[in-house]
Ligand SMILES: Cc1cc2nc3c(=O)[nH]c(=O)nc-3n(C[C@H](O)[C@H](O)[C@H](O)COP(=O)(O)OP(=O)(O)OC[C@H]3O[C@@H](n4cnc5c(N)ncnc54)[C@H](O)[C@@H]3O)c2cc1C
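Next comes just one chain, in structure tokens: the form predicted on its own.
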């Protein structure tokens, strides 16, 4: 064995399957100390007044850490849980336990990189080694057909070159029985919602799925979607749905915290293609995993630019910072049914369809002309499946300051509502006030001025019902 004792610091990799640091520790250390640290900086308030990590995401995270602890116990190990800055707490645990090294998953964005670099420096001063592992993507960083500095700025080029020249590594095998040392110390309590100053979210019966954090739930969701309900064969046709559990895989929630490995999903898709059916839909799920990779490599390439107003285009537009307008959008009170329904679903459940995300983002930046970073930060707080790279990459994309070969990408909200919620079922679900209005035309209240219907000379905003203009655009 190379090491007597190794600390494995878990981050956004809350699983035991296909886990590079855990597998490497099992191969190279006699004893392993798994650690998860709740960083208080993740729960601080943003400048506009909401928590960086909101109620739905916090609950999902707590559940995921709890399940990780259970899965490690099944391997004969334990999970030490602590609160504080990881660069200090993980150092302290490594020192007290006389560990020889700390293994961890590498991140790419500035806040996360600063933490791991600070930890490495602190450990180095104490003579404790570190090893970082790349494991968040389908394609390994070292297997890309180009260096990160030359990652294409257009997704299609990235995808085609990866598919042609790249390779996808096999998943790591189960690490087997792990030996946890007798440290004669408390393993740490799992915090509850109140610890972070948050209330337990009320379960909403309209939610598309009961999202519960953890590797076990992620694997169960895959089993249900692929093998029990046989939904993968229709994924491409249904993925733009709005209601129900199975219009899309919903894997993003478990991918975001690393409860599911993208390579494990890929291998299950390939098994499905052999045993059930291979078609455009099976390919399309892999296609979406490649999109996820793309945003991570773009984030690594561009660093802090993805959080700046000008994005990666270095072109600053005249964005507004109007809090009143922003909160009408955030609370689902703009008076535009398709926008409001999606925002109300997000607030009530922590989830929103991909189609909904594109529309509400476009509305905020293109119609209300609000600073796109406010929208990205709100999604960071509210989304169960928040992934820093995908979230900020997608918001740059919609705002016209990211990786989009088309300039000024705009979603016509009325047309989108007509195309994807033609009978108004989705809107009525989340805005029940409209269920009493026969025929359900688009109803446009009067009190919020935007550019959405400039050609019609109509101003927007408000609640339902309301003095309104009627448009013969049926949802």
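Positions refer to the first chain, counted from 1. It should be emphasised that the depicted structure is a prediction, and the values quoted were computed from it without experimental measurement.
Note that the form predicted in complex with this ligand isn't included here; everything after this is about it.
Chemist: Is it true that 37, 59 and 194 each have at least one non-hydrogen atom within 4.5 Å of this ligand in the model of the complex?
Modeler: Negative, none of the three is within 4.5 Å.
Chemist: Find out whether any non-hydrogen atom of residue 301 is located within 4.5 angstroms of this ligand in the model of the complex, and reply yes or no.
Modeler: Judged by the heavy-atom cut-off of 4.5 Å, residue 301 is well away from this ligand in the model of the complex.
Chemist: Would you check, heavy atoms only and a 4.5 Å threshold, whether residue 251 touches this ligand in the model of the complex?
Modeler: Residue 251: yes, in contact with this ligand in the model of the complex.
Chemist: So in the model of the complex, does residue 354 come within 4.5 Å of this ligand, heavy atom to heavy atom?
Modeler: Flag for residue 354 set to yes.
Chemist: In the model of the complex, does residue 333 have a heavy atom within 4.5 Å of this ligand?
Modeler: No, residue 333 is distant from the partner.
Chemist: Considering 288, 163, 217, 371, which brings a non-hydrogen atom within 4.5 Å of this ligand in the model of the complex?
Modeler: None of the other options qualify; the answer is 288.
Chemist: Of these, 80, 325, 255, 269, which has a heavy atom no more than 4.5 Å from this ligand in the model of the complex?
Modeler: Contact residue from the list: 255.
Chemist: Since the chain is shown here on its own, which stretch among 385 to 393, 335 to 343, 198 to 206, 173 to 181 would lie within 4.5 Å of this ligand in the model of the complex, judged by heavy atoms?
Modeler: Within 4.5 Å of the partner lies stretch 385 to 393.
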